[in-house]
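As a starting point, one isolated chain is supplied in C-alpha coordinates, in the form predicted on its own.
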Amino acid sequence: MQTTPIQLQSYLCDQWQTGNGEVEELYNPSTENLIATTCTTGLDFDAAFDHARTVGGPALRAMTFAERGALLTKMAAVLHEKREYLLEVSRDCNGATRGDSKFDVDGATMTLSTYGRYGAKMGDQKFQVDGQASKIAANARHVGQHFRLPREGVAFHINAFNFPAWGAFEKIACAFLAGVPVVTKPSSTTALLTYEMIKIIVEADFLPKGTLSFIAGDSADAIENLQAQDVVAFTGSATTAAKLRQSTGVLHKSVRFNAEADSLNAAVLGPDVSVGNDIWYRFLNNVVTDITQKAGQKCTASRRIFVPEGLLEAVKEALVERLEGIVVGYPTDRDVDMGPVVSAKQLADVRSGIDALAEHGSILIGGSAPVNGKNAPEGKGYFVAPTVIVANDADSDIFHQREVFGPVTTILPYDGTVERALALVARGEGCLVSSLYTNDRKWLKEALLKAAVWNGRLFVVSAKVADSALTPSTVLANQNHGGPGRAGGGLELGGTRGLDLYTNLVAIQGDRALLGKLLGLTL
(Lines give C-alpha, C1' and ligand atoms only; values in the text may rest on other atoms or scores of the structure.)
Protein backbone atom coordinates (compact mmCIF):
# COMPACT_ATOMS: atom_id res chain seq x y z
CA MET A 1 0.00 0.00 0.00
CA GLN A 2 1.56 3.30 -1.08
CA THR A 3 2.03 5.97 1.59
CA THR A 4 1.95 9.08 -0.61
CA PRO A 5 -1.60 10.50 -0.81
CA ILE A 6 -3.15 9.92 -4.21
CA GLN A 7 -5.73 12.00 -6.04
CA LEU A 8 -8.87 10.05 -6.85
CA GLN A 9 -10.37 10.63 -10.27
CA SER A 10 -13.88 10.10 -11.56
CA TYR A 11 -14.52 7.89 -14.59
CA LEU A 12 -17.11 9.64 -16.75
CA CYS A 13 -17.83 9.40 -20.49
CA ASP A 14 -15.19 6.64 -20.63
CA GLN A 15 -12.45 9.00 -19.41
CA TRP A 16 -10.71 9.62 -16.10
CA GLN A 17 -11.50 13.17 -14.98
CA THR A 18 -10.52 15.40 -12.05
CA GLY A 19 -12.44 18.32 -10.58
CA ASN A 20 -11.00 21.80 -10.23
CA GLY A 21 -12.07 23.04 -6.80
CA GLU A 22 -11.46 22.43 -3.13
CA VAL A 23 -10.49 18.83 -2.38
CA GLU A 24 -11.94 16.40 0.14
CA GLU A 25 -9.38 14.54 2.24
CA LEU A 26 -9.47 10.83 3.04
CA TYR A 27 -7.69 9.47 6.08
CA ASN A 28 -6.45 6.12 7.32
CA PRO A 29 -8.80 5.65 10.30
CA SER A 30 -6.18 3.73 12.28
CA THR A 31 -3.40 6.33 12.03
CA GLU A 32 -5.20 9.50 10.87
CA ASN A 33 -2.62 9.81 8.06
CA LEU A 34 -3.84 11.45 4.86
CA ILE A 35 -4.12 8.75 2.17
CA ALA A 36 -6.06 10.36 -0.67
CA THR A 37 -7.86 13.46 -1.92
CA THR A 38 -10.78 13.86 -4.25
CA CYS A 39 -12.66 16.64 -6.01
CA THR A 40 -15.65 16.59 -8.35
CA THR A 41 -16.22 20.34 -8.72
CA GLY A 42 -16.76 21.32 -12.34
CA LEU A 43 -17.39 17.81 -13.68
CA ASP A 44 -20.26 17.55 -16.16
CA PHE A 45 -22.55 14.96 -14.58
CA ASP A 46 -25.40 15.62 -17.01
CA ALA A 47 -23.14 14.70 -19.91
CA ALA A 48 -21.95 11.59 -18.09
CA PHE A 49 -25.49 10.38 -17.40
CA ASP A 50 -26.54 11.11 -20.97
CA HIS A 51 -23.50 9.18 -22.27
CA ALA A 52 -24.48 6.20 -20.16
CA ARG A 53 -28.09 6.35 -21.43
CA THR A 54 -27.27 6.76 -25.11
CA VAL A 55 -24.10 4.67 -25.43
CA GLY A 56 -24.01 2.23 -22.53
CA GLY A 57 -27.72 1.43 -22.40
CA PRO A 58 -28.11 0.31 -26.03
CA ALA A 59 -24.91 -1.75 -25.74
CA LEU A 60 -26.18 -3.72 -22.74
CA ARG A 61 -29.71 -4.14 -24.08
CA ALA A 62 -28.31 -5.58 -27.31
CA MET A 63 -26.64 -8.35 -25.30
CA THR A 64 -28.28 -11.54 -24.08
CA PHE A 65 -28.48 -12.47 -20.41
CA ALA A 66 -25.66 -14.96 -20.99
CA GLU A 67 -23.47 -12.26 -22.51
CA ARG A 68 -24.20 -9.81 -19.69
CA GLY A 69 -23.51 -12.57 -17.18
CA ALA A 70 -20.15 -13.18 -18.85
CA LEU A 71 -19.25 -9.53 -18.20
CA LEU A 72 -19.97 -10.03 -14.50
CA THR A 73 -17.93 -13.23 -14.41
CA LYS A 74 -15.03 -11.36 -16.01
CA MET A 75 -15.35 -8.53 -13.47
CA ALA A 76 -15.13 -11.05 -10.64
CA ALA A 77 -12.07 -12.69 -12.20
CA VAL A 78 -10.03 -9.51 -12.76
CA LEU A 79 -10.83 -8.26 -9.25
CA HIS A 80 -9.93 -11.60 -7.69
CA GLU A 81 -6.52 -11.47 -9.39
CA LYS A 82 -5.78 -8.31 -7.36
CA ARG A 83 -7.35 -9.64 -4.16
CA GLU A 84 -4.34 -9.29 -1.89
CA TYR A 85 -3.77 -5.70 -2.94
CA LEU A 86 -7.45 -4.86 -2.43
CA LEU A 87 -7.38 -6.36 1.06
CA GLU A 88 -4.52 -3.99 1.94
CA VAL A 89 -6.42 -1.03 0.53
CA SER A 90 -9.45 -2.03 2.57
CA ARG A 91 -7.35 -2.17 5.73
CA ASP A 92 -5.94 1.31 5.23
CA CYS A 93 -9.02 3.15 3.97
CA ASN A 94 -11.61 1.20 5.93
CA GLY A 95 -9.80 0.22 9.11
CA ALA A 96 -10.82 -3.36 8.40
CA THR A 97 -9.12 -6.48 9.70
CA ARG A 98 -8.12 -9.07 7.13
CA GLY A 99 -11.27 -11.05 7.92
CA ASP A 100 -13.45 -7.95 7.60
CA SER A 101 -11.74 -6.98 4.35
CA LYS A 102 -12.41 -10.43 2.92
CA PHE A 103 -16.04 -10.11 4.03
CA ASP A 104 -16.28 -6.99 1.85
CA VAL A 105 -14.00 -7.72 -1.11
CA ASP A 106 -14.82 -11.41 -1.46
CA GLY A 107 -18.49 -10.56 -0.96
CA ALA A 108 -18.24 -8.33 -4.03
CA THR A 109 -16.57 -10.93 -6.26
CA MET A 110 -18.82 -13.76 -5.05
CA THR A 111 -21.93 -11.71 -5.81
CA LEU A 112 -20.63 -10.85 -9.27
CA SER A 113 -19.89 -14.52 -9.89
CA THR A 114 -23.34 -15.57 -8.67
CA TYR A 115 -25.10 -13.17 -11.01
CA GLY A 116 -22.77 -14.27 -13.79
CA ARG A 117 -24.12 -17.81 -13.27
CA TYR A 118 -27.70 -16.51 -13.26
CA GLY A 119 -27.00 -14.92 -16.63
CA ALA A 120 -25.66 -18.17 -18.05
CA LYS A 121 -28.82 -20.00 -16.93
CA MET A 122 -31.11 -17.30 -18.34
CA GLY A 123 -29.48 -17.91 -21.71
CA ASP A 124 -29.94 -16.12 -25.01
CA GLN A 125 -33.00 -14.02 -24.18
CA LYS A 126 -32.67 -10.25 -23.77
CA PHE A 127 -35.71 -9.78 -21.53
CA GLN A 128 -37.63 -11.84 -18.98
CA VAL A 129 -40.90 -13.66 -19.44
CA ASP A 130 -42.96 -13.28 -16.25
CA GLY A 131 -45.33 -16.17 -15.57
CA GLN A 132 -47.57 -17.94 -18.04
CA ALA A 133 -49.78 -16.55 -20.82
CA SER A 134 -53.40 -16.15 -19.68
CA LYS A 135 -56.57 -16.42 -21.75
CA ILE A 136 -58.35 -13.06 -21.62
CA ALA A 137 -61.25 -13.51 -24.08
CA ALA A 138 -63.63 -16.14 -25.44
CA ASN A 139 -61.24 -16.68 -28.32
CA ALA A 140 -58.52 -18.91 -26.85
CA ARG A 141 -55.94 -17.29 -29.12
CA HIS A 142 -56.40 -13.94 -27.36
CA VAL A 143 -53.99 -13.98 -24.42
CA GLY A 144 -52.09 -11.69 -22.09
CA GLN A 145 -48.47 -12.28 -21.15
CA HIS A 146 -46.32 -10.33 -18.68
CA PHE A 147 -42.77 -9.39 -19.58
CA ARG A 148 -39.93 -7.53 -17.85
CA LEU A 149 -37.81 -5.37 -20.13
CA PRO A 150 -34.72 -3.34 -19.17
CA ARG A 151 -35.43 0.33 -18.51
CA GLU A 152 -33.89 2.69 -21.08
CA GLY A 153 -32.19 4.88 -18.53
CA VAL A 154 -29.21 4.78 -16.21
CA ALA A 155 -28.86 3.31 -12.71
CA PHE A 156 -27.43 5.84 -10.24
CA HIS A 157 -25.98 3.98 -7.26
CA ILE A 158 -25.31 5.95 -4.08
CA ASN A 159 -23.43 3.77 -1.62
CA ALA A 160 -22.58 3.90 2.08
CA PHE A 161 -19.13 4.07 3.67
CA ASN A 162 -19.21 0.69 5.40
CA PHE A 163 -19.02 -1.65 2.38
CA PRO A 164 -17.19 0.18 -0.43
CA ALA A 165 -16.60 -3.10 -2.30
CA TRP A 166 -19.63 -5.33 -1.76
CA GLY A 167 -22.09 -2.43 -1.54
CA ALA A 168 -21.04 -1.12 -4.94
CA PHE A 169 -20.79 -4.38 -6.82
CA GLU A 170 -23.92 -6.12 -5.56
CA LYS A 171 -25.86 -3.23 -7.12
CA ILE A 172 -23.76 -3.30 -10.29
CA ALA A 173 -24.36 -7.04 -10.68
CA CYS A 174 -28.15 -6.70 -10.70
CA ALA A 175 -28.23 -3.63 -12.95
CA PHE A 176 -25.84 -5.07 -15.52
CA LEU A 177 -27.64 -8.39 -15.74
CA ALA A 178 -30.94 -6.55 -16.19
CA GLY A 179 -29.36 -4.55 -19.05
CA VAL A 180 -28.98 -1.10 -17.45
CA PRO A 181 -25.72 0.96 -17.36
CA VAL A 182 -24.43 2.20 -14.01
CA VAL A 183 -23.06 5.39 -12.50
CA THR A 184 -21.73 4.39 -9.08
CA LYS A 185 -20.90 6.86 -6.30
CA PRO A 186 -19.29 5.63 -3.09
CA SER A 187 -19.10 7.57 0.14
CA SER A 188 -16.06 9.83 -0.06
CA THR A 189 -14.83 8.53 3.31
CA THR A 190 -13.90 5.09 1.97
CA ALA A 191 -13.96 5.78 -1.78
CA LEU A 192 -10.34 4.68 -2.25
CA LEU A 193 -11.27 0.99 -2.30
CA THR A 194 -14.07 1.44 -4.83
CA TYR A 195 -11.76 3.60 -6.95
CA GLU A 196 -9.07 0.93 -7.03
CA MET A 197 -11.62 -1.72 -8.03
CA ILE A 198 -13.06 0.42 -10.82
CA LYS A 199 -9.50 1.13 -12.04
CA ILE A 200 -8.79 -2.60 -12.28
CA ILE A 201 -11.92 -3.16 -14.37
CA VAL A 202 -11.30 -0.16 -16.63
CA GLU A 203 -7.69 -1.21 -17.26
CA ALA A 204 -8.85 -4.72 -18.19
CA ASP A 205 -10.78 -3.04 -21.05
CA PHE A 206 -13.58 -5.54 -21.66
CA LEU A 207 -16.73 -3.57 -20.85
CA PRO A 208 -18.77 -1.94 -23.65
CA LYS A 209 -18.39 1.84 -23.73
CA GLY A 210 -20.66 3.84 -21.46
CA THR A 211 -21.76 0.95 -19.30
CA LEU A 212 -19.84 1.76 -16.10
CA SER A 213 -19.11 5.22 -14.68
CA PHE A 214 -17.71 6.28 -11.32
CA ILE A 215 -18.03 9.48 -9.28
CA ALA A 216 -15.23 9.92 -6.76
CA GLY A 217 -16.85 12.22 -4.25
CA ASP A 218 -19.70 14.69 -4.06
CA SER A 219 -22.27 14.20 -6.82
CA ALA A 220 -23.40 17.86 -6.74
CA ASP A 221 -27.12 17.03 -6.68
CA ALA A 222 -26.89 14.96 -9.86
CA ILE A 223 -30.10 13.22 -8.79
CA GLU A 224 -32.08 16.39 -9.55
CA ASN A 225 -31.66 15.96 -13.32
CA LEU A 226 -32.50 12.29 -13.65
CA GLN A 227 -35.03 11.20 -16.25
CA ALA A 228 -38.17 9.06 -16.17
CA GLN A 229 -36.43 5.80 -17.18
CA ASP A 230 -33.61 6.19 -14.65
CA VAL A 231 -33.21 4.30 -11.37
CA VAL A 232 -31.69 5.33 -8.03
CA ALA A 233 -30.47 2.71 -5.57
CA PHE A 234 -29.41 4.30 -2.30
CA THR A 235 -27.79 2.89 0.85
CA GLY A 236 -27.36 5.16 3.86
CA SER A 237 -29.26 6.99 6.55
CA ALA A 238 -33.04 7.33 6.67
CA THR A 239 -32.59 11.11 6.85
CA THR A 240 -30.65 11.22 3.58
CA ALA A 241 -33.10 8.80 1.95
CA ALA A 242 -35.99 11.12 2.85
CA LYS A 243 -34.15 14.07 1.31
CA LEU A 244 -33.43 12.16 -1.91
CA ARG A 245 -37.06 11.13 -2.19
CA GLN A 246 -37.92 14.83 -2.42
CA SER A 247 -35.76 15.35 -5.52
CA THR A 248 -37.38 16.62 -8.70
CA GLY A 249 -36.84 13.43 -10.67
CA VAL A 250 -38.33 11.17 -8.03
CA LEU A 251 -41.30 13.43 -7.25
CA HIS A 252 -42.25 14.62 -10.73
CA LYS A 253 -40.83 12.07 -13.16
CA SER A 254 -41.38 8.91 -11.11
CA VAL A 255 -37.70 8.04 -11.21
CA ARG A 256 -37.60 4.64 -9.54
CA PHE A 257 -36.06 4.92 -6.08
CA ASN A 258 -34.85 2.10 -3.83
CA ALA A 259 -33.52 2.74 -0.32
CA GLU A 260 -31.76 0.57 2.22
CA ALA A 261 -31.54 2.66 5.37
CA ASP A 262 -31.23 2.56 9.15
CA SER A 263 -32.22 -0.67 10.83
CA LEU A 264 -32.46 -1.51 14.52
CA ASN A 265 -32.21 -5.22 13.88
CA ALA A 266 -33.25 -7.58 16.65
CA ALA A 267 -31.88 -10.85 18.06
CA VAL A 268 -34.38 -12.71 20.24
CA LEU A 269 -33.24 -15.48 22.58
CA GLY A 270 -36.08 -17.90 23.25
CA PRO A 271 -36.98 -18.83 26.84
CA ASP A 272 -36.43 -22.55 26.17
CA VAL A 273 -32.69 -22.14 25.43
CA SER A 274 -30.42 -23.70 28.06
CA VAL A 275 -27.06 -22.29 29.10
CA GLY A 276 -24.37 -24.33 27.37
CA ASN A 277 -26.40 -25.92 24.56
CA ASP A 278 -25.65 -25.44 20.86
CA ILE A 279 -28.24 -22.69 20.37
CA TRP A 280 -26.83 -20.80 23.35
CA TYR A 281 -23.32 -20.78 21.92
CA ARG A 282 -24.48 -19.83 18.44
CA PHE A 283 -26.44 -16.93 19.91
CA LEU A 284 -23.41 -15.64 21.83
CA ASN A 285 -21.04 -16.08 18.91
CA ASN A 286 -23.37 -14.23 16.55
CA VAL A 287 -23.91 -11.34 18.95
CA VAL A 288 -20.15 -10.94 19.46
CA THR A 289 -19.54 -11.09 15.70
CA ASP A 290 -22.15 -8.41 15.08
CA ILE A 291 -20.53 -6.14 17.65
CA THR A 292 -16.95 -6.57 16.43
CA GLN A 293 -17.06 -7.38 12.70
CA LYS A 294 -16.38 -4.20 10.68
CA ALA A 295 -16.34 -2.48 14.11
CA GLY A 296 -20.09 -2.94 14.18
CA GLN A 297 -20.54 -0.84 11.02
CA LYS A 298 -22.98 -3.16 9.29
CA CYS A 299 -26.55 -2.30 8.38
CA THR A 300 -27.50 -5.90 9.23
CA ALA A 301 -25.86 -6.00 12.68
CA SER A 302 -28.11 -6.85 15.63
CA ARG A 303 -28.57 -3.64 17.64
CA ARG A 304 -31.27 -4.86 20.07
CA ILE A 305 -30.71 -8.13 21.93
CA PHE A 306 -33.86 -9.43 23.63
CA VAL A 307 -33.06 -11.79 26.49
CA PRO A 308 -35.51 -13.62 28.80
CA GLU A 309 -35.20 -12.25 32.32
CA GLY A 310 -34.23 -15.70 33.63
CA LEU A 311 -31.21 -15.83 31.30
CA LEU A 312 -30.11 -12.22 31.70
CA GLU A 313 -27.29 -12.72 34.20
CA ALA A 314 -25.87 -15.69 32.29
CA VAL A 315 -25.89 -13.74 29.01
CA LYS A 316 -24.22 -10.72 30.63
CA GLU A 317 -21.47 -12.87 32.12
CA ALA A 318 -20.85 -14.75 28.89
CA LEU A 319 -20.66 -11.60 26.74
CA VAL A 320 -18.24 -9.90 29.09
CA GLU A 321 -16.03 -12.98 29.05
CA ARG A 322 -15.89 -12.95 25.25
CA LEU A 323 -15.60 -9.22 24.68
CA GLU A 324 -13.00 -8.37 27.29
CA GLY A 325 -10.42 -10.31 25.26
CA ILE A 326 -11.07 -8.41 22.01
CA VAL A 327 -7.94 -6.56 20.86
CA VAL A 328 -8.71 -3.22 19.18
CA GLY A 329 -6.15 -1.60 16.91
CA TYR A 330 -4.59 -1.01 13.51
CA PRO A 331 -5.09 -4.41 11.87
CA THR A 332 -1.58 -4.86 10.47
CA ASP A 333 -1.32 -8.27 12.13
CA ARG A 334 -3.70 -11.04 13.06
CA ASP A 335 -3.51 -10.25 16.78
CA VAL A 336 -5.91 -7.36 16.22
CA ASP A 337 -9.54 -8.49 16.40
CA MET A 338 -11.29 -5.20 15.62
CA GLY A 339 -10.29 -2.06 13.78
CA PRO A 340 -11.52 1.53 14.13
CA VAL A 341 -14.68 3.18 12.87
CA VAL A 342 -14.08 4.87 9.55
CA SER A 343 -13.81 8.58 10.36
CA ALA A 344 -13.57 11.26 13.01
CA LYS A 345 -17.20 12.16 12.31
CA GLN A 346 -18.26 8.56 12.82
CA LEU A 347 -16.23 8.36 16.03
CA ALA A 348 -17.98 11.43 17.44
CA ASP A 349 -21.37 10.07 16.44
CA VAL A 350 -20.73 6.68 18.04
CA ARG A 351 -19.43 8.22 21.26
CA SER A 352 -22.42 10.53 21.58
CA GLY A 353 -24.74 7.61 20.82
CA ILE A 354 -23.19 5.48 23.55
CA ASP A 355 -23.62 8.29 26.05
CA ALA A 356 -27.24 8.82 25.01
CA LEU A 357 -28.10 5.12 25.40
CA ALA A 358 -26.24 4.90 28.69
CA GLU A 359 -28.53 7.56 30.17
CA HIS A 360 -31.28 4.93 30.02
CA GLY A 361 -29.23 1.89 30.94
CA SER A 362 -25.97 0.66 32.38
CA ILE A 363 -22.76 -0.02 30.48
CA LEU A 364 -21.88 -3.68 30.87
CA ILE A 365 -18.58 -3.38 29.02
CA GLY A 366 -16.90 -0.74 26.89
CA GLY A 367 -18.13 2.83 26.73
CA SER A 368 -17.33 6.10 25.00
CA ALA A 369 -13.89 6.74 26.52
CA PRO A 370 -10.88 7.11 24.16
CA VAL A 371 -9.09 3.89 23.21
CA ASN A 372 -5.44 3.51 22.25
CA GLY A 373 -5.36 1.02 19.43
CA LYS A 374 -2.66 -1.61 19.17
CA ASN A 375 -0.11 -0.83 16.40
CA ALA A 376 -1.49 2.71 16.08
CA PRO A 377 0.34 5.93 17.00
CA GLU A 378 -0.36 7.02 20.57
CA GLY A 379 -3.60 8.97 20.74
CA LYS A 380 -4.38 8.46 17.05
CA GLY A 381 -7.08 6.47 15.31
CA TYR A 382 -10.86 6.36 15.54
CA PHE A 383 -11.07 3.48 17.99
CA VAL A 384 -14.06 2.49 20.12
CA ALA A 385 -14.24 -0.31 22.66
CA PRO A 386 -16.79 -3.09 22.03
CA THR A 387 -19.76 -1.85 24.04
CA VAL A 388 -22.82 -3.54 25.55
CA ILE A 389 -25.50 -1.54 27.34
CA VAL A 390 -28.22 -3.15 29.47
CA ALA A 391 -31.50 -1.24 29.32
CA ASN A 392 -33.11 -0.13 32.53
CA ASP A 393 -36.49 -0.31 30.81
CA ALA A 394 -36.98 -2.16 27.53
CA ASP A 395 -39.82 0.22 26.67
CA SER A 396 -37.59 3.32 26.59
CA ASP A 397 -38.05 4.91 23.18
CA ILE A 398 -34.36 5.60 22.59
CA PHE A 399 -33.49 1.92 22.20
CA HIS A 400 -36.05 1.56 19.42
CA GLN A 401 -35.30 4.84 17.66
CA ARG A 402 -31.56 5.54 17.77
CA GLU A 403 -29.10 3.34 15.92
CA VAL A 404 -25.50 3.70 17.06
CA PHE A 405 -23.56 2.63 13.98
CA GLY A 406 -20.51 1.12 15.61
CA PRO A 407 -19.43 -1.73 17.93
CA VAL A 408 -22.44 -1.20 20.18
CA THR A 409 -25.48 -3.24 21.13
CA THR A 410 -28.15 -3.09 23.81
CA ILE A 411 -29.58 -5.92 25.89
CA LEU A 412 -33.29 -5.54 26.53
CA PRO A 413 -34.73 -8.02 29.08
CA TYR A 414 -38.25 -9.38 28.44
CA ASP A 415 -40.61 -11.73 30.27
CA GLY A 416 -40.09 -14.70 27.94
CA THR A 417 -43.45 -14.50 26.19
CA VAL A 418 -43.55 -14.33 22.43
CA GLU A 419 -46.12 -11.53 22.61
CA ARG A 420 -43.81 -9.29 24.62
CA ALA A 421 -40.70 -10.08 22.58
CA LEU A 422 -42.30 -9.42 19.21
CA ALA A 423 -44.10 -6.30 20.41
CA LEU A 424 -40.66 -4.92 21.27
CA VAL A 425 -39.21 -6.03 17.92
CA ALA A 426 -42.02 -4.12 16.18
CA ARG A 427 -41.06 -0.95 18.06
CA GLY A 428 -38.10 -0.68 15.69
CA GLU A 429 -40.63 -0.01 12.89
CA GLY A 430 -38.88 -2.13 10.29
CA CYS A 431 -35.71 -4.23 10.18
CA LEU A 432 -33.47 -5.66 7.51
CA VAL A 433 -33.13 -8.86 9.53
CA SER A 434 -34.16 -10.25 12.89
CA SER A 435 -32.88 -13.49 14.37
CA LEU A 436 -34.76 -15.97 16.54
CA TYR A 437 -32.95 -18.52 18.71
CA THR A 438 -35.22 -21.30 19.96
CA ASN A 439 -36.16 -24.94 19.63
CA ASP A 440 -39.74 -24.41 20.83
CA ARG A 441 -41.85 -24.94 17.72
CA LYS A 442 -45.04 -23.44 19.13
CA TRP A 443 -43.18 -20.32 20.32
CA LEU A 444 -41.34 -20.08 17.00
CA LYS A 445 -44.46 -20.41 14.83
CA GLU A 446 -46.13 -17.52 16.60
CA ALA A 447 -42.92 -15.48 16.52
CA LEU A 448 -42.45 -15.99 12.77
CA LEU A 449 -45.98 -14.88 11.97
CA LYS A 450 -45.65 -11.76 14.14
CA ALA A 451 -42.13 -10.84 12.96
CA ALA A 452 -42.57 -11.38 9.23
CA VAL A 453 -44.30 -8.07 8.48
CA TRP A 454 -41.55 -6.05 10.19
CA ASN A 455 -38.55 -7.73 8.52
CA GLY A 456 -37.02 -8.24 5.12
CA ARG A 457 -35.38 -11.43 6.35
CA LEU A 458 -35.81 -13.73 9.36
CA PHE A 459 -32.92 -15.86 10.61
CA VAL A 460 -33.93 -18.87 12.68
CA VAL A 461 -31.47 -20.91 14.73
CA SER A 462 -32.83 -24.21 16.05
CA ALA A 463 -30.96 -27.25 17.37
CA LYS A 464 -30.35 -28.98 14.04
CA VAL A 465 -28.69 -25.97 12.36
CA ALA A 466 -27.02 -24.35 15.38
CA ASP A 467 -23.62 -25.82 14.60
CA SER A 468 -23.59 -24.66 10.97
CA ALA A 469 -25.67 -21.47 10.83
CA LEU A 470 -24.12 -18.31 9.42
CA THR A 471 -24.44 -15.00 11.22
CA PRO A 472 -27.75 -13.19 10.60
CA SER A 473 -25.78 -10.23 9.26
CA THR A 474 -24.40 -12.24 6.32
CA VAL A 475 -26.09 -11.00 3.15
CA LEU A 476 -26.38 -13.61 0.38
CA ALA A 477 -26.97 -12.97 -3.30
CA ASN A 478 -29.92 -15.38 -3.48
CA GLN A 479 -31.76 -13.87 -0.49
CA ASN A 480 -33.67 -10.63 -0.10
CA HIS A 481 -31.68 -7.67 1.20
CA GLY A 482 -34.03 -4.91 2.24
CA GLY A 483 -36.73 -4.28 4.77
CA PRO A 484 -39.97 -2.41 5.45
CA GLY A 485 -40.55 0.87 7.21
CA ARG A 486 -37.48 2.34 8.91
CA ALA A 487 -35.22 -0.03 6.92
CA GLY A 488 -36.10 1.85 3.74
CA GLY A 489 -38.82 -0.23 2.12
CA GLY A 490 -36.44 -1.44 -0.57
CA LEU A 491 -35.38 -4.76 -2.05
CA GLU A 492 -31.99 -5.72 -3.42
CA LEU A 493 -30.55 -9.08 -4.46
CA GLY A 494 -32.93 -11.98 -3.76
CA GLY A 495 -31.68 -13.90 -6.79
CA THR A 496 -33.21 -12.71 -10.06
CA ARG A 497 -35.69 -10.61 -8.05
CA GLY A 498 -32.81 -8.15 -7.85
CA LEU A 499 -33.37 -7.35 -11.53
CA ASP A 500 -36.91 -6.10 -10.91
CA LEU A 501 -35.73 -2.63 -9.86
CA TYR A 502 -34.12 -2.12 -13.26
CA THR A 503 -36.92 -3.47 -15.45
CA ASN A 504 -40.38 -2.37 -16.56
CA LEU A 505 -43.22 -4.83 -16.11
CA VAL A 506 -45.56 -4.80 -19.09
CA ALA A 507 -48.56 -6.96 -20.01
CA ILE A 508 -48.76 -7.57 -23.75
CA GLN A 509 -52.14 -8.77 -25.00
CA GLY A 510 -52.93 -10.19 -28.41
CA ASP A 511 -52.86 -13.24 -30.66
CA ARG A 512 -50.87 -15.99 -28.90
CA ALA A 513 -49.22 -17.27 -32.08
CA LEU A 514 -48.49 -13.81 -33.48
CA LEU A 515 -46.94 -12.54 -30.24
CA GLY A 516 -44.88 -15.68 -29.86
CA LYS A 517 -43.54 -15.39 -33.40
CA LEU A 518 -42.73 -11.67 -33.06
CA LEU A 519 -40.95 -12.15 -29.73
CA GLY A 520 -39.26 -15.44 -30.57
CA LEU A 521 -41.10 -17.36 -27.84
CA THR A 522 -43.53 -20.18 -27.35
CA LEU A 523 -46.48 -18.71 -25.40
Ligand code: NAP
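In this text, residue numbers run from 1 along the sequence as written. These figures come from a predicted structure and were not determined experimentally.
Note that the form predicted together with this ligand isn't included here; everything after this is about it.
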Among 179-187, 372-380, 82-90, 119-127, the stretch whose residues bring a heavy atom within 4.5 Å of this ligand in the predicted complex is 179-187
query = Can you check whether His51 is within 4.5 Å of this ligand in the predicted complex, heavy atom basis?
reply = no
Test of understanding: in the predicted complex, would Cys299 fall inside 4.5 Å of this ligand by heavy atoms? yes
query: Does the 4.5 Å heavy atom contact test between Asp218 and this ligand in the predicted complex come out positive?
result: yes
* To do: Answer with yes or no whether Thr111 is in contact with this ligand in the predicted complex, where contact means some heavy atom within 4.5 Å.
  => no
Only hit among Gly329, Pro386, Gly236, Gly428 for heavy atom within 4.5 Å of this ligand in the predicted complex is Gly236
This ligand in the predicted complex has a heavy atom of only one listed residue within 4.5 Å, and of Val273, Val143, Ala76, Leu244 that residue is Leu244
- Query: Has each of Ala261, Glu403 and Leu432 got a heavy atom lying within 4.5 angstroms of this ligand in the predicted complex?
  - Reply: yes
Near this ligand in the predicted complex, with a heavy atom at 4.5 Å or closer, the residues from 148-167 are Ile158, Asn159, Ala160, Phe161, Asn162
